[in-house]
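What follows is a pair of forms of the same protein chain, given separately as structure tokens and numbered structure 1 and structure 2.
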Structure 1
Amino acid sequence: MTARPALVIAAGAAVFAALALVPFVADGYGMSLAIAIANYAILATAWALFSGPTRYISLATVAFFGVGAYTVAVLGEVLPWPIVVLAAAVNGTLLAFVVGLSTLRLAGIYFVIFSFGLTELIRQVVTWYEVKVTNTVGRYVFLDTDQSMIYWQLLGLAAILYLTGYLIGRSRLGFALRVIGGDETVARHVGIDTTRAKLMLFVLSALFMTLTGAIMAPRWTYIDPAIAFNPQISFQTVIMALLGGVQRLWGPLLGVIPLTLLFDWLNANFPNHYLLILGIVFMLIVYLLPQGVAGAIGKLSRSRTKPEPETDRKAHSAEARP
């Protein structure tokens, strides 16, 4: 943890360079698995980027993801790809800005409910617009892209996300957010502009979610509001991030990889009992790993040397917080 920034960044770059070679060795199915992992790795990490330090449980992941996907659905065939991605980024940022300004004063359960409602609201607005104005609900995205292209774009986005997260963690903003997470009133009293700090991170986190949606959209050819704004994406993101652990930048990844593989394995071997077994597995996870994988690893490496610091326990109780 005391490694020099240059070293950490160089090591990260080397890992991503190695991961970029995956399309040359993986087959079609391996690639689709890699895309699934990259997709959720970005969503969960971006989610934890904001929700980790501030402990605001957001269920709005798919609102931004869907806005990205829909931007591609609307503009994908009429504009060149980089402009489409840029437009998605602008849409996501604007939305996050407006939403953030109006809601980040909410706390606890009010924010959770609001963020969930936001997704529904956007979905209904899009549906209403499509029905009344464009007279169609499903949109077709015919873009010539393949799995490798999608994977590389996701990988590039993940690299930027990790770099951003790493730099924020070392910055004054990161510190301010940790103070807010500890006690927001104290944070305000020591002179932190809490709303501004939260807003900045919320927008940043939303930006990555939006871009993920934009990159993934061409994979499905057909997009309608139910597909783009599927609340399951939000829930899965939260579950994966919490399983991995949200206090470290690499924590969510430890939830994403095993869960993506587990979902896939369960579906392949028990297609008729998938949900049943999934429920049992979730219960086992909660019983066996109440602090997430990252928490368990931290505990393991610290055991017998020094007692468990209180902060880690508190961090993971975020799940139970209203």
Structure 2
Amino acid sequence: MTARPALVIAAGAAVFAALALVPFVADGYGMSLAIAIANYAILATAWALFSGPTRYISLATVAFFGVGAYTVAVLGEVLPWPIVVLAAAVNGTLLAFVVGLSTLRLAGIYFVIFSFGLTELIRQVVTWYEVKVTNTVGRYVFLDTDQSMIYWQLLGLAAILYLTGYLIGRSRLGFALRVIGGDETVARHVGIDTTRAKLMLFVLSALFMTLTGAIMAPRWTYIDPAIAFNPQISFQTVIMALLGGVQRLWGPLLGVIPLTLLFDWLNANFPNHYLLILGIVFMLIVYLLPQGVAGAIGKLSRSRTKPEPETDRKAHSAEARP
């Protein structure tokens, strides 16, 4: 490993070590916000991990999140926690593999529609199973955990996600996905197995979303399909990722922090108009910041470091002559 990657990883480790101290200084409300930020930081970054380089807009985030949460609701009281998390990971991976094989040949609006329909399909299947087979509407989740444990688990998962994304960005897979995002036809012509590359990253992205749902499940004492598969989670994830920007691994975080605070305030003060305001925020982001905050920062940085045109340099040198 060269000096620069080692320095980046060391700096990231220091940041996460500092963030691990939050439960020792935050009160109950502060911990609630910290968990919400960590939750959406993982979801938005995992979403951008796939959708950023490929430019596929997926609304299936909550499908995998809900699978993870429901796995905990079903198995949480009968199996040890590590086994439950492993079962959630397997369920999410299998679902993503099947969905990926079926849909990743789609593109544009067709993929968006299917990904949104997938969430509703899974929600309806789970609802039918609960009502017809188990004769229940939802499930209670009683696990021996607290906010600090949930936060630390999310923080550890986020650290793994950022390290994974950093390594992928420097790998042949990351390069292949950027080529696919630029022009998928060109990518196929230069010998890239586009389906395989997209499938690998789609499954990896879904795995992190599923594990996030599993870790977050104990926060709800009661889980039903409407809670676990709430489409609002998918929309908020997309909005946060787009506001922050998907060109950089850390980009979504620039959208997660301010929007988590904003949505928390809106939900507390304008619960009846929350979804309307959410739609307005989304439209403003698309029109005003199409490349996100990270893209705007990059554009500003490039404009400041843009080399002086040749004609200007000649004029300046001529003026400087005695």
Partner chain sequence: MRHILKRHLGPALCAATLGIAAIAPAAAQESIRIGYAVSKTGPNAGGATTTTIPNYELWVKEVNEAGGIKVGNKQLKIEVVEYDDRSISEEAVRSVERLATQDKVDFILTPWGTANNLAVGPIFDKYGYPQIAGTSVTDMAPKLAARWPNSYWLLGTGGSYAEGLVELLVKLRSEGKIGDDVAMASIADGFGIELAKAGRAALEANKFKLVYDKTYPLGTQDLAPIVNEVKALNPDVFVAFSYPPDTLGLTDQARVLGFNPKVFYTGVATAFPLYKAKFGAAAEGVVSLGGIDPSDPKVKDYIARHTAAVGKEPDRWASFMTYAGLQALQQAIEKAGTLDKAKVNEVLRTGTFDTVLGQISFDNESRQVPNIFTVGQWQNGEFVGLVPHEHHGASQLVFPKPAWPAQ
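Because the structure is predicted, anything quoted here is derived from the model rather than measured. Just so we're on the same page, residue numbers count up from 1 along structure 1's sequence. C-alpha atoms forming the largest set that superposes within 1.5 Å between two forms make up the rigid core.
It is structure 2 that shows the chain in the form predicted alone.
A two-part rigid-body description fits the chain between structures 1 and 2; in it the smaller part is rotated by 17 degrees against the larger. The two forms, fitted on their core, place the C-alpha of W265 3.2 Å apart, compared between structures 1 and 2. Core-based superposition between structures 1 and 2 puts the Cα shift at L276 at 6.2 Å.
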